[in-house]
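Below you'll find only one chain, the form predicted on its own, shown as structure tokens.
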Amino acid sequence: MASALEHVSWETCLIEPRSDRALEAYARRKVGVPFLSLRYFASVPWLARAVVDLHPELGLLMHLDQSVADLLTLVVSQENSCRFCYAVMRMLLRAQGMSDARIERMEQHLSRAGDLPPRTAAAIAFGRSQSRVGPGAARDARRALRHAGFSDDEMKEIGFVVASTDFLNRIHTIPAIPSRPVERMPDRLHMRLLGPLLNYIVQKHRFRGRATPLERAPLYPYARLVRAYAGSPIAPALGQAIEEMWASPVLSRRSKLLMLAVIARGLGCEVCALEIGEALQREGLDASALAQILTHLDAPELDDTERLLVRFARETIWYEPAVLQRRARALSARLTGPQLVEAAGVASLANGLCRLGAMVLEHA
């Protein structure tokens, strides 16, 4: 059966896969099966680990029903036109024993809110609003979630599922991670035969989270967002990804902050913009220079690499996949391979963090 995203144009991959046995073993221990895209991110270890660790089904959800989380992942991936992530979700549904016809009926139901239970419809509406509109729609979407009966803890987990999916969609879309092999995989004979075994292994590695304290108080930018999840296993997983991103030497700290500032401004996430702005001032960039950068994506204070990165960051907020992939390809001519991978990772994580901030920071 053809994928609902098969019409989406998808460029050839921008980066070469690289084997890293330690990372691959780490991912296999957590997921149970080979992680299909990990080799493309191996040159930037924090990103490769984050692509594994921020999957909600791997022990990060304590309150939200996993079936709702799975539907959210499918819907947001479709909204973001991520052929790779969407194909992976459909492959997992096939491994669970769903027929092509049943998957097609489910996709049709997801497009019609009236066919869904009120709670599920409200969660999906939130996911769609964050993908289509961003933080500006969060207040009304939160109100609808509460009206549908979701608790604050469930709402925070819905926000995380949507944000992590936004992150994963972009990090697979920007470098055009090959989607065709995954789209074709369910129709191969060996996959039909091994489907039940694959499902058994995957389900065995899915589990509910347990209360998990933070080992130390976070002090880096976006620490407030991590603290909002204190007590949840989301907090240490998210905190580690953010902390390792800041510590990575591939791109400068100021470059990363500038990318996050541009994305926060583009999405209208005021709480995120304030925290990043304060961090940039500590890096020596005053408020007037930052205002010029955010308005014009240029300023005399920027070096050549920063100038490229802030313009690229803006492109990742709203995009058509093939157009964004061509922009990334142009960027690859000016950056090293690891720099390109980290730039994609920072932009992808920033998009998720801003959407997450809109959901939870008012409750922190």
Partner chain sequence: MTWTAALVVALVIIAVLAGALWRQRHYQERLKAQLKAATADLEQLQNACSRLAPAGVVQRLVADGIALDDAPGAERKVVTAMFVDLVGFTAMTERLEPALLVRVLNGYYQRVSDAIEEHRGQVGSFVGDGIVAYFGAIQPNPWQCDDAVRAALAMRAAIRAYNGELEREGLPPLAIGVGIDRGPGLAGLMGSRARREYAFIGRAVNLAARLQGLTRIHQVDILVTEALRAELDAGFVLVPMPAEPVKGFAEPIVTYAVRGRSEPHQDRGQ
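Residue numbers count along the first chain shown, from 1. Here the structure is a predicted model, which means the values were calculated and not measured.
From this point on, the text means the form predicted together with the partner chain, which you will not see here.
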**Study point:** Candidate from Arg142, Arg170, Arg265, Arg90 lying within 4.5 Å of the partner chain in the predicted complex - any heavy atom
**Key:** Arg265
Point to revise | Sole residue of Val31, Met62, Leu297, Leu36 within 4.5 Å of the partner chain in the predicted complex, by heavy atom | key: Leu297
Review point. Within 4.5 Å of the partner chain in the predicted complex: all of Arg128, Gln292 and Glu315, by heavy atom?
Key: yes
Review point. Can any non-hydrogen atom of Arg307 be found within 4.5 angstroms of the partner chain in the predicted complex?
Key: yes
**Study point:** the partner chain contact in the predicted complex: Arg49, any heavy atom under 4.5 Å
**Key:** no
Check your understanding: So in the predicted complex, does Arg208 come within 4.5 Å of the partner chain, heavy atom to heavy atom?
Key -> no
Practice item. State yes or no: in the predicted complex, is some non-hydrogen atom of Arg329 no more than 4.5 angstroms from a non-hydrogen atom of the partner chain? Key: no
Review point. Thinking of the partner chain in the predicted complex, which stretch from 38 to 46, 51 to 59, 307 to 315, 23 to 31 has heavy atoms inside 4.5 Å of it?
Key: 307 to 315
